[in-house]
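The chain below stands alone and is given as structure tokens, in the form predicted alone.
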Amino acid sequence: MMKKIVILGGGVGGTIVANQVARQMGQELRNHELEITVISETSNHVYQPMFLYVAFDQVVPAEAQKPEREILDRHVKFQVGSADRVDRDAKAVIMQDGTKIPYDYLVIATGSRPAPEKIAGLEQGGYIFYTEEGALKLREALHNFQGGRIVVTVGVPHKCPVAPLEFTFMVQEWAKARGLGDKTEVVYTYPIGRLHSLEPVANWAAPVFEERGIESHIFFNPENVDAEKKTITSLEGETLNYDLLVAIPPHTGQEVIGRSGLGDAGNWIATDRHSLRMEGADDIFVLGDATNLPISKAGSTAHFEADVVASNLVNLLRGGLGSVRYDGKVFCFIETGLKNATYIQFDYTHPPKPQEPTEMIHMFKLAYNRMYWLTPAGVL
């Protein structure tokens, strides 16, 4: 009897799983013993970290996307459409048009979404770079910026854990490069009692902030923005003035998770930290931003988790127990300006150790941006 794998989400994690399983089980696919279906809301695969560079006009949006069909193995079925819910009793994904897509194994890789609406007034008074639309609006605002106070504020939870630091460092150097350094003040806020949730990263960033003269405000959880007065106020009662407000907005899981009754209040799915199976479900794997795991929501997290999920699916389909374990591995580049970068690598038991920023690491980051497409293809 044909086995069916359904992958909900056509981002990096879901695409890697599809391609890796397809390559390892090509014979089963050709013999119609296995069927793999990827469901995605859009026909394009988007490399979201490029939006940071779109904001600085270093790339254009077209460079951040390719047709998903071109990336997927030709034996993988691809369906574009919106899923309404997962019906665990029927073991099927129910699409919004009523179509039922049955599964033996389901992989949920739905990612997360920025939710600027959770900060009152932010959509009217501030900018984000987590979407194509947001990055283009910010690009225009930066193009017209002639000096003043730039406030970078951070909501939680959010994906790409080092993005707030990257933008802060980059915008300061960008202002200097434009001859606006003496006219520009950069202010950074963070919601807990240090500059980053990862303590080693916070300890590394603190002296860099001091050296560069970047003002910081900790214990600042953004609550509301007054677009007319150009102020942002925190839950703690502190108010800051700004000329340009850039926010890393809080994120939530996707609404399909809530409609399916699979997640918590934030639409995050309870997931075993090692097996990556949904708690209480042997036939459902979860990866990337969709999990509730206390690790960074980042593309590399989804990548390393996808390797584990793909290996376990192949093993299970061939009669094994699916015992490969995820160790919490994450890798992140950190742009420290326009010409230098560093990186962090860590897992469940080894904390990150930021390296000395160099131009070479920056070049590696830019090179990876161009080579990224080999990652979802399952090559890199």
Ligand SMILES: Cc1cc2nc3c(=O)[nH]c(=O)nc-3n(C[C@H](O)[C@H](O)[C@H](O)COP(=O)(O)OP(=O)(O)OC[C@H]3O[C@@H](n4cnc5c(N)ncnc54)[C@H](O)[C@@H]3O)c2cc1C
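Start at 1 and count along the sequence shown; that's the residue number. Predicted model, so just to flag it, every value in this text is computed and none were measured.
Keep in mind that the form predicted in complex with this ligand is not shown, yet the notes after this line are about it.
Trainee: Ok, Q146, N241, T99, S82: which has a heavy atom sitting within 4.5 Å of this ligand in the predicted bound form?
Mentor: Selected option: S82.
Trainee: Going by heavy atom distances of 4.5 angstroms or less, which of D327, D57, E33, E41 would be at the interface with this ligand in the predicted bound form?
Mentor: After the contact test, the surviving option is E41.
Trainee: Name the stretch, out of 118-126, 196-204, 136-144, 248-256, where some heavy atom lies within 4.5 Å of this ligand in the predicted bound form.
Mentor: It is 248-256 that comes within 4.5 Å of the partner.
Trainee: Given that this ligand is not shown alongside this chain, does G155 nevertheless sit within 4.5 Å of it in the predicted bound form, heavy atom to heavy atom?
Mentor: Contact with this ligand, no.
Trainee: Quick one: does S300 come within 4.5 Å of this ligand in the predicted bound form, counting heavy atoms only?
Mentor: Yes - in the predicted bound form, heavy atoms of S300 and this ligand come within 4.5 Å of each other.
Trainee: Does at least one non-hydrogen atom of A341 fall within 4.5 angstroms of this ligand in the predicted bound form?
Mentor: Result no; A341 lies far from this ligand in the predicted bound form.
Trainee: Answer for R23 alone: is it within 4.5 Å of this ligand in the predicted bound form, judged on heavy atom distances?
Mentor: No, R23 stays farther than 4.5 Å from this ligand in the predicted bound form.
Trainee: Taking only heavy atoms into account, state which residues of 98-124 are within 4.5 Å of this ligand in the predicted bound form, ordered by sequence.
Mentor: If the 4.5 Å heavy-atom criterion is applied to this ligand in the predicted bound form, 98-124 yields A109, T110, G111.
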